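We begin with a single chain expressed as structure tokens, specifically the form predicted alone.
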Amino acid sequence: MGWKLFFWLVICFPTSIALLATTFYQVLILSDLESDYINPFDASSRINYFVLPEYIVQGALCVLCLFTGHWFMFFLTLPVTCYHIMRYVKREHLIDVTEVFRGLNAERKFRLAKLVMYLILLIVVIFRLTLIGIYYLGIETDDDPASFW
């Protein structure tokens, strides 16, 4: 198995799905908080549990794309990574229990934007994975049609 197939199938695909799932979960928790189905302490503790691992995985994916020379993926993930770094340095990355309702709309819009970006990232990863898979399946074909069966 080639390194490109390994990179897209084992590293990028599960990472993209994990980022998409955690962001969707955070949007769902914020919607429940807005509808008053969950209290602010539980909502902030559930969201804050995923914030730092999401930042680390996003940063690692961005750096990995940089080091492997996948420039399109690097430039696609770079703005969110820079925004995560900025929020972490300013100590605004965690949701405060006492001020959760003040920034609820802004947090939900931010996470919806991240959800759209991660969905685009997943579509690009699936597309690249398909291309690499077709490439590696196409290398071993012969001119004889009987060898396919």
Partner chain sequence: MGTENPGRPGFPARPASSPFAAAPQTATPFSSTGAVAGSDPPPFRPTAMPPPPQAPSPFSSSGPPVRPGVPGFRPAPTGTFNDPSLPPPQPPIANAPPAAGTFQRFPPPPFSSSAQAPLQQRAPFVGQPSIQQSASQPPSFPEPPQPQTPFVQMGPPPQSTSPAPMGSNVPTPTYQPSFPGYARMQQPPPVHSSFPPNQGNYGPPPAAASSPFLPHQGGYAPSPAMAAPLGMQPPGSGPPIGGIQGLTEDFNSLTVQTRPGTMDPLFDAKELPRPLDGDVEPKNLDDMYPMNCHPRYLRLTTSAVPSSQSLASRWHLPLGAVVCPLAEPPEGEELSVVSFAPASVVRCRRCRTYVNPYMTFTEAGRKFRCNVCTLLNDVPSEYYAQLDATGKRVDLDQRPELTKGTVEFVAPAEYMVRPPMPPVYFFLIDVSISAVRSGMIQIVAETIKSCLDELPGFPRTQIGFATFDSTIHFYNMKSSLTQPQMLVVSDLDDVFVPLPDDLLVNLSESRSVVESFLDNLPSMFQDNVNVESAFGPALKAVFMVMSQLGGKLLIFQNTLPSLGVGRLKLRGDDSRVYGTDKEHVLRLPEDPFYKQMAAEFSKFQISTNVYAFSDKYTDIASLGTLAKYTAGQVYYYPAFQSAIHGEKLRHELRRDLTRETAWEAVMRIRCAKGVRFTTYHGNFMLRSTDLLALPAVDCDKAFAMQLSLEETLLTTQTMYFQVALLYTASCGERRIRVHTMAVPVVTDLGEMYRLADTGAVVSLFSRLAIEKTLSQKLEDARSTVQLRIVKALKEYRNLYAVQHRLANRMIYPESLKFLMLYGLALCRSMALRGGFGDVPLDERCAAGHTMMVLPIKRLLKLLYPSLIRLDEYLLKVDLKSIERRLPLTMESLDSRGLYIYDDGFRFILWFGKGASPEIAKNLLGEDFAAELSKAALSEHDNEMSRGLVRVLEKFRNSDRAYYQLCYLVRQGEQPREGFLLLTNLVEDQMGGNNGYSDWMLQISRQVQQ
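On a predicted model such as this, the values are computed, not experimentally measured, just so you know. Residue numbers count along the first chain shown, from 1.
Omitted here: the form predicted together with the partner chain. The next part is about that form.
In short, of 76-84, 110-118, 61-69, 36-44 it is 36-44 that has heavy atoms within 4.5 Å of the partner chain in the predicted bound form. In the predicted bound form, the partner chain lies farther than 4.5 Å from every heavy atom of Y49. For I56, no non-hydrogen atom is located within 4.5 Å of the partner chain in the predicted bound form, even though that partner is not displayed. Within this chain, L28 is remote from the site of the partner chain in the predicted bound form, having no heavy atom within 4.5 Å.
With a 4.5 Å cutoff on heavy atoms, F101 counts as touching the partner chain in the predicted bound form. Contacts with the partner chain in the predicted bound form, taken as any heavy atom within 4.5 Å, map to no residue of 68-91.
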